[in-house]
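So here's one chain in two forms, each on its own in structure tokens, numbered structure 1 and structure 2.
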Structure 1
């Protein structure tokens, strides 16, 4: 079994919102990447932004400016 690690997952209303997030993070040098939404968060398609705990904690205030749906702290 692949070992699981703690991470932050940010979800969005639409895929376009997720792409806007990726662009925003790139412009602000915030690390992370787009991944398919895990079924434990929402079953059936969609993409979300995955970040390490460290990256999330150090960029929390900037992330709050983004139009996101939910933030989850899970093991993936």
Structure 2
């Protein structure tokens, strides 16, 4: 079993917002990936963007440009 690590989870109201995040991050070389929303978080569309703490901190200003619902700091 993989050890849990601290990460940022970005949730969205719609799947189209989640896909837009993925596209934006690919275009701007921001690391992360779409995953199912963890059971500990409640979110509208069922998918979210997961990224490391380091990647989030170094790209925080760019991420603020995306339409998202909430940002969670959790251990996954």
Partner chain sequence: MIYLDNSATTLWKPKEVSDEIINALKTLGNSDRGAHETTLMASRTIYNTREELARLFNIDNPLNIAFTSNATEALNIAIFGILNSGDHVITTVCEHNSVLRPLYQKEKENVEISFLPIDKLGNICYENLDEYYKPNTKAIIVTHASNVVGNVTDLKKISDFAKLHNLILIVDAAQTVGVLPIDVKELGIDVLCFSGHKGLLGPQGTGGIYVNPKVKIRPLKVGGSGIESYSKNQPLSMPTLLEAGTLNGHGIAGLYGALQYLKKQGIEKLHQSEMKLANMFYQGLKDVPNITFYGDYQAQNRVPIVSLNINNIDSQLVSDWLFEDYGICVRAGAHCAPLMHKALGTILQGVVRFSFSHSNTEQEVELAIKAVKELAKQNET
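Basically, rigid core = biggest C-alpha set you can superpose within 1.5 Å across the two forms. Residue numbers count along the first chain shown, from 1. A quick note: this is a predicted structure, and the numbers were derived from the prediction, not measured. Shifts are known only where both forms have a C-alpha.
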key: Chain form predicted on its own, by structure number   = 2
key: Threshold 2 Å Cα movement between the two structures at residue 36, rigid core reference   = no
ask   = Taking the rigid core as the frame of reference, how far in Å is the Cα of residue 45 displaced between the two structures?
value = 6.4
message = Suppose the core is superposed; which segments, at least 3 residues long, show C-alpha displacements of 2 Å or more throughout between the two structures?
response = 43-45
